[in-house]
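Okay, here we've got a single chain as structure tokens, the form predicted alone, with questions on binding and movement later.
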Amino acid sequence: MRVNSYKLQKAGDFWAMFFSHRMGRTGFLIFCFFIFLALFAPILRTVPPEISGSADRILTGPDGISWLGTDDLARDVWSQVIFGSRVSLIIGFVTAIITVFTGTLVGLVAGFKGGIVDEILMRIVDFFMMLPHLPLMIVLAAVMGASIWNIVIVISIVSWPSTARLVRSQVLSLKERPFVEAIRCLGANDITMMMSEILPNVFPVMFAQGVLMVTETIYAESVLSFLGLGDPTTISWGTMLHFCFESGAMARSPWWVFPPIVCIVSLIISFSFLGTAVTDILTPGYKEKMGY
């Protein structure tokens, strides 16, 4: 019971410090705004984003019918922006989960086992980190085909090594701590020590890395979709910019160009602020500095 109370107190201190952090508050509010759009998209005066309108509604500016105008197929830009938030958030979170899970597993095993296992796994990590990420993602996306889930796989393949290296460095420090030696003396096997003693102490790093991975994923998905490697049957902010560029209407339809750009930049800034806040809070001495 005392342990649970201590954990609740630590959680309460974390959130108190988080919401007292200016960047944390700002990033959280922007994030909540996009979550609201994604959850309540069908009732926010939207229509199915893939539905084309009549010929006289092609490339019309914002008006009472279409709040953000229409595209070259008379589709409602407002609806595309709102439903596009779902795609960006889903891809961002799913990819971050896969990336952090894979990187944590590799880093945990490499750091704890050491020796030849560490050497082999780290050479694999170094190989992936040495490759140019954007060209590799372009090649993989082109080979695998246009699909949202292929985009998730492509981004995950090139993103996990940084998490693995970061987790490994934490594990190398943690496995020499007295509490790990104590449970080893009690006869615990390697899996028990990794899961019960090492992994919980790596969670803060995993959380911070996951937030940063969402930012990188949203940017990568937008770039790949803009280059025509996204799923053309699914409207995302990146595919909106791709269709706008392909139509040759970028210069004369700012209502079609700027909304997805503003959304992409805002969501990236949101997660960058969240990542900065979490990193600051996890920095040794921050809690004492803030008086908690």
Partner chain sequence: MNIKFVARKILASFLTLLAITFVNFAIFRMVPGDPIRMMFKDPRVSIEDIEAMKVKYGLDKPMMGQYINYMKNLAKGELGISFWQKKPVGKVIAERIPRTLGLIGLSLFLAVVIGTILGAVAGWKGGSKTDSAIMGISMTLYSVPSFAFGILLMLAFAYHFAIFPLGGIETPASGFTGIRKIFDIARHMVLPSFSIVLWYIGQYILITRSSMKDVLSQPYIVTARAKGVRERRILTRHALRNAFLPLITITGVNIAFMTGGIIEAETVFSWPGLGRLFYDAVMKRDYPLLQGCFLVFAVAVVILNFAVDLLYTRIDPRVRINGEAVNEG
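The structure displayed is predicted, hence computed values, not measured ones. For clarity, a rigid core is taken as the largest C-alpha set superposing within 1.5 Å between two forms. Numbering follows the first chain given and starts at 1.
Keep in mind that the form predicted in complex with the partner chain is missing from the display, and what follows is about it.
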Quick one: H133, V139 and S272 and the partner chain in the predicted bound form, is every residue within 4.5 Å by at least one heavy atom? yes
Between the options I124, V143, I191, V117, which residue brings a heavy atom to within 4.5 Å of the partner chain in the predicted bound form? V143
Contact segment among 255-263, 39-47, 55-63, 25-33, judged by heavy atoms lying within 4.5 Å of the partner chain in the predicted bound form: 255-263
Does at least one non-hydrogen atom of M250 fall within 4.5 angstroms of the partner chain in the predicted bound form? yes
Check whether F245 has any heavy atom within 4.5 Å of a heavy atom of the partner chain in the predicted bound form, and answer yes or no. yes
Residue-level question: is T276 within 4.5 Å of the partner chain in the predicted bound form, judged on heavy atoms? yes
The partner chain contact in the predicted bound form: M195, any heavy atom under 4.5 Å: no
Neighbours of the partner chain in the predicted bound form among 37-72 [non-hydrogen atom within 4.5 angstroms]: none
Rigid-core frame, C-alpha of E176, shift of 2 angstroms or more between the shown form and the other one: yes
